[in-house]
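In the form predicted alone, a lone chain appears below as structure tokens.
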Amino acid sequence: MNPDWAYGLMGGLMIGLAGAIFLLANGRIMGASGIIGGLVDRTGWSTGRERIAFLVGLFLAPSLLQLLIGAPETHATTNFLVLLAAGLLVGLGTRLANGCTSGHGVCGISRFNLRGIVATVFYILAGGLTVVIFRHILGAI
């Protein structure tokens, strides 16, 4: 049996749990891009230790799961230029939308926030358009 659905379910549950804990403990919406952005532009240095702890957990949790259950097979490309372009586009989209999937998609939609719903619809459409362009027109992925 293909366990891909279980990995997606576990990831979704962990993101939802992290968002709920962050909101209950801090009274703020969890958004990874906002947490990172506050460290980069120094507007969030007053909560720097909390932000760094969040980011450390963000990287440690998948590493620990990989040690426990192994790495799932992915279909991610190894083409460095495609990965670089994808990272830059995600960063640009995050800045334009004033948030990312965790802030708008997970925490925004779960609170019926209109801005989060609209942003999520647009970045899903942008993701689909990007796949069409990169896979079917450019043949890059």
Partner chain sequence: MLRMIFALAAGGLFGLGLFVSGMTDTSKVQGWLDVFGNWDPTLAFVMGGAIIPMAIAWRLTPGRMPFVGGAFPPKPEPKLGSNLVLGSVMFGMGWGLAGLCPGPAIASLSYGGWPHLVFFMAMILGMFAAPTLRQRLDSVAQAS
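Positions refer to the first chain, counted from 1. These numbers come from a predicted model, not from an experiment. Basically, rigid core = biggest C-alpha set you can superpose within 1.5 Å across the two forms.
The same protein has a further form, the form predicted in complex with the partner chain, not shown here; the description that follows concerns it.
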property	result
4.5 angstroms heavy atom contact with the partner chain in the predicted bound form for residue 59	yes
Partner proximity in the predicted bound form: residue 37 to the partner chain, non-hydrogen atom cutoff 4.5 Å	yes
Close approach of residue 93 to the partner chain in the predicted bound form, 4.5 Å, heavy atom	yes
Residues from 32 to 60 in contact with the partner chain (non-hydrogen atom within 4.5 Å) in the predicted bound form	32, 33, 36, 37, 40, 41, 49, 50, 53, 54, 55, 56, 57, 58, 59
Residue 80: Cα shift of 2 Å or greater between the shown form and the other one (core-aligned)	yes
Rigid core superposition, residue 109 Cα moves 2 angstroms or more between the shown form and the other one	no
Large Cα shift (2 Å or above) at residue 68 between the shown form and the other one, core-fitted	yes
